[in-house]
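Form predicted on its own, single chain, as structure tokens, below.
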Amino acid sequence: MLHDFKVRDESKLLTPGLLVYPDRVQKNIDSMIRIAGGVERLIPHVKTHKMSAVIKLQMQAGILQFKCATLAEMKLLLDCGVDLILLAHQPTPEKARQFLKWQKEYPHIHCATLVDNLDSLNLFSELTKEADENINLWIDINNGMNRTGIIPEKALSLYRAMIRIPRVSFSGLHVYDGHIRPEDLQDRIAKCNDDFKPVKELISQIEAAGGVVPHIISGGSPSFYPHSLQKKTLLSPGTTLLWDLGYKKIWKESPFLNAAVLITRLISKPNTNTYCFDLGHKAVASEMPLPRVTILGMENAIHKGQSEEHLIVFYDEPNDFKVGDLFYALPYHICPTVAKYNRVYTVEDNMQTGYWDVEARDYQIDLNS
């Protein structure tokens, strides 16, 4: 595996850093399209990579509709000229005003966002009057994750309220089920289908009331394959583009390749079998317990501690590692890892070829833009 990532001239690489492999990203895009059965079912999330270069690779493959979570990601998609954007993060007033402002400035792009309660629905109604704009809303459904969304049993009343409000269009149901993580594929399919039953009941209720559910967006990366079997839903994987060890553990049989790897250098050997790397928690996602990466060539190392700029591991196997040596490390969670870098190295044919900017990593944007 190390050979797949190794850069021939490592002397020009600054650590810690993040390498991305465009050929592997392309293969992951191809796998996404194959699982979905076509580009028309895909509305990939951009939160993992936050890069226009990755968006453009998908657009070249025919994928033209996307999800995002932040205003910076939405602006990135607007600038890329995609066909459809779903801001899949229910906006608060200042974000909703900016959403409507951009929607007016980019009339050729279909923009939509989420709602899961009456207060937000009424807020959006008032803001559309203020902006003289319409708004496209998906009802965000909580089918077990208990993070956002309205439970299916209460969603019918929200739907009825929505269709009575001028300037508001019902786009469909948004169902993110990131809580579904059985490692066995059949168990994951069964759990996915079982948790989706209340959603199907909600659809039946809406149709019985004379309504129509235009679209359903379901799942993320772990439940991407189970939902692909339903044939009637849009699919919104995101981590599939770069992949990581966390999802590789959940979905062992997936076709996706690790397309991003961290680089770090050995900076000290303070004691026997103790090694220190310049890979602190400012350089890699640190919300989970250690280990947060697997260091290639030191897979059996015991990760003892991590601080802002240092990672300490214990490794007692024979080696000739020297201070200054460069190592490659696969992260367990790639999404918040990418957000720590303003740009990534690109590597093709084991050569560092340039950089991709991580344009949408910031939360702060100019609200007058």
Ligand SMILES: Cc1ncc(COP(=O)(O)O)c(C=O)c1O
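Every value quoted in this text rests on a predicted model; they were computed, and no experiment measured them. Residue numbers run from 1 along the displayed sequence.
Below, we refer to the form predicted in complex with the named molecule, which is not included among the displayed structures.
With the named molecule omitted here, the record of contacts in the model of the complex names 220 to 228 of 220 to 228, 294 to 302, 196 to 204, 154 to 162, defined by a heavy atom within 4.5 Å. Though the named molecule is absent from this view, in the model of the complex it lies within 4.5 Å of a heavy atom of just one residue from F256, F277, Y247, W138, which is Y247. With the partner omitted from this view, the residue of T264, N143, S236, Q103 that lies near the named molecule in the model of the complex is S236 [heavy atom within 4.5 Å]. At a distance threshold of 4.5 angstroms between non-hydrogen atoms, F99 is out of contact with the named molecule in the model of the complex. Contact annotation: K252 falls outside 4.5 Å of the named molecule in the model of the complex, judged by heavy atom distances. With a 4.5 Å cutoff on heavy atoms, H179 does not count as touching the named molecule in the model of the complex; it lies far away.
The closest non-hydrogen atom of K50 lies beyond 4.5 Å of the named molecule in the model of the complex. Contact annotation for 132 to 147: a single residue, R147, has a non-hydrogen atom within 4.5 angstroms of the named molecule in the model of the complex.
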